[in-house]
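As structure tokens, one chain now follows by itself in the form predicted on its own.
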């Protein structure tokens, strides 16, 4: 499987993009709508004209058409053929490439097993759930054994539970196939959960390329920090393992229960949108539940940011504007908040 190098690539919003994608890695391209994410992977696929150069294993592929680049592409809209059953959808590209029928049948059968969809073989797209359609589309994308897999926000239309499950499946599949993959998303936590490295792109410029934890805990520059939501990053004074995958950490005056993988937790981060704010004490306010005083309120786009002082620690929460309008909040008012444990990210050290 190839490494991919982009040199001074330009197209539409993307200008002078320089980026290296390692052999067999899963790179997540993270950015807001219109940042240039889809344009970037369309360039890699050869679906659009562009300036600059794209290299696979240091060999330019600029003159190769899309069907010669050995790239599998999973589009955001899936685009399954409604008049074809699952087998025919998966086989479509292979038949178009004039694979012998016995080889097509063998490959489709292999993919049905790999994606655990053999029981769906004779069904049509309208008879499938969102997750099932996703598996069929992925099987079709990898049917010809591409060297590169490109995925354009493939889980954005699924419910949260299904999307989380398929993220795990996708990452395991990418590892099993040993394929170089580029995954596009606008969701920070999706990027953190999936990526070997994250490339943050804003306004057609690659702002930072790093491991997920470094992007989250050490964003480079104001544009990156602003995009990921200015997370609340707290230094930890101590870490006490509580067993069963959780730990207690002390962050200034706050005691938090956090997910734990066994190392010493040095920092924790939680996005403002993952802090629940209430005017009244929520039922069962215990784990990571606090009371604090509002120190500032600032509207930002379709959201409102609320700064809350809790035991001498200033936390920023974020709520949609339509919810804020229904609340009676003002500076100086006492509120209750919950830091959702499963949304807290930890920076651990084994030293």
Partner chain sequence: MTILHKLRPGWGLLPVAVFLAIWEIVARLNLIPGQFFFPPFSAVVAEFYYLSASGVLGENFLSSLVRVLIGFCAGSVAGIVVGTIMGWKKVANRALNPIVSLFYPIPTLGWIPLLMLWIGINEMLPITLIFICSFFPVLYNTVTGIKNVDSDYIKAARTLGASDGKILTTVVMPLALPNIFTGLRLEAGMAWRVIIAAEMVAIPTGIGALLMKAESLIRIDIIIVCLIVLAVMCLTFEKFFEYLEARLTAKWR
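Just so we're clear, the structure is a prediction, and the values are computed from it rather than from any experiment. For the two forms, the rigid core is made up of the largest set of C-alpha atoms that agree within 1.5 Å on superposition. Residue numbers count along the first chain shown, from 1.
Although it is not shown, the form predicted in complex with the partner chain is what the next lines describe.
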Only one of 75, 218, 165, 238 has a non-hydrogen atom within 4.5 angstroms of the partner chain in the predicted complex; which is it? 75
Answer key: of 79, 225, 246, 121, within 4.5 Å of the partner chain in the predicted complex (heavy atoms) is 79
Picking from 28-36, 311-319, 66-74, 52-60, which part of the chain touches the partner chain in the predicted complex when contact means heavy atoms within 4.5 Å? 66-74
Within a 4.5 Å heavy atom cut-off, is residue 176 in contact with the partner chain in the predicted complex? no
Would residue 93 count as a contact of the partner chain in the predicted complex, using a 4.5 angstroms cut-off between non-hydrogen atoms? yes
Could you confirm whether residue 116 comes within 4.5 Å of the partner chain in the predicted complex, counting heavy atoms only? no
Contact between residue 47 and the partner chain in the predicted complex at 4.5 Å, heavy atoms? yes
Flag this candidate site as yes only if 83, 97 and 140 all have a heavy atom within 4.5 Å of the partner chain in the predicted complex; otherwise mark no. yes
If we fit on the core, is the Cα of residue 92 displaced 2 Å or more between this form and the one not shown? yes
